[in-house]
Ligand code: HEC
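In the block that follows, a single chain appears as structure tokens, in the form predicted alone.
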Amino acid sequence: MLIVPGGALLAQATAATPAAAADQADLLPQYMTWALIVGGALVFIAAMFYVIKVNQFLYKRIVQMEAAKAGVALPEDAANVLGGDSFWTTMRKKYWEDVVPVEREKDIMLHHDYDGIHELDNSMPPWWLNMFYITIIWAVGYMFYYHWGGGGPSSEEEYKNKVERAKKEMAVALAGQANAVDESNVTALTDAGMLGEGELIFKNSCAACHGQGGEGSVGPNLTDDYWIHGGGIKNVFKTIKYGVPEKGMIAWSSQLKPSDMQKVASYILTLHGTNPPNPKAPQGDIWKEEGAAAPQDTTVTDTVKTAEPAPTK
């Protein structure tokens, strides 16, 4: 019964926009969960009510037995004096408890004797049968909603919706990780698309001082083996991030996201050895990656230059 209004609300939301349909479809398990919680709570309340009534019945039987032993006459039940049980009591006994009175147990007793123990041929409790019928009705409604009527998403559609949502969440997470890049964990990118974005940033923001091909003009040459503040992805990223204010290079962290600085730093590394026309004379020292063979040069001492606190190439 609870799934019907939930399905109607979902259908209205689905008709609004295709994008909202996937999100609203994911709410259906929540509707189902609440329906099961409410149903379970009702069953629990009914079970507790049944336990209380059984305890009352047993207590009444014990009192009657003790009174019979003592020879005391008990007053008749007021309900019997007034003409029987009330409507609700009758409905409860008929559709929930269906308790066979003790005086009628001989009518349902099986003719078997198990060491003095006799078995009663009781029917299934009405509460159990009613719950079973409810599950049948629920199953029919479920099949109609999901399979015959087309109101709910199929398993395949629900899977696709969840995959799409997971992709969006992954994209958001990866974007957050990209913006968490700094000089301690940055790595050189090799993806052609990202390097292309780095090239675009370089030509729009860096080429004015370093040349379109990185040959150098106001700034140093980025294609040779010489570096003022250290080569490699970490040093280049750090130089871009903090700039070299005394040389006129601004700190690009105020204008570029960490992911963009990583892209342009990775692109700069691809300029090494490209030999563009009109290259600027070498500046700084030859730099080599740790564990790599240093380039040979007869005029400049081969040293490893560590990055300075306020970095440019």
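From a predicted model like this one, the values you see are computed outputs, not experimental measurements. The numbering used is simple: start at 1 and walk along the sequence shown.
The following text describes the form predicted together with the ligand, which does not appear among the structures shown.
The partner is absent here; in the predicted bound form, the one residue of G248, G273, G40, P29 having a heavy atom within 4.5 Å of the ligand is G248.
The contact residue chosen from M124, A139, L174, V218 relative to the ligand in the predicted bound form is V218, the criterion being a non-hydrogen atom within 4.5 angstroms.
When the ligand is considered in the predicted bound form, L195 lies well away from it, no heavy atom lying within 4.5 Å.
Residue contact check for Y242: none of its heavy atoms lie within 4.5 Å of the ligand in the predicted bound form.
Remark: C206 counts among the residues lining the ligand in the predicted bound form, judged by a heavy atom distance of 4.5 Å or less. The ligand in the predicted bound form is approached by G230, whose closest heavy atom lies within 4.5 angstroms of it.
Heavy atoms within 4.5 Å of the ligand in the predicted bound form are found in one stretch of 186-194, 111-119, 233-241, 150-158, which is 233-241. Shown without its partner, the chain has L256, V264, I268 in segment 256-272 as residues with a non-hydrogen atom within 4.5 angstroms of the ligand in the predicted bound form.
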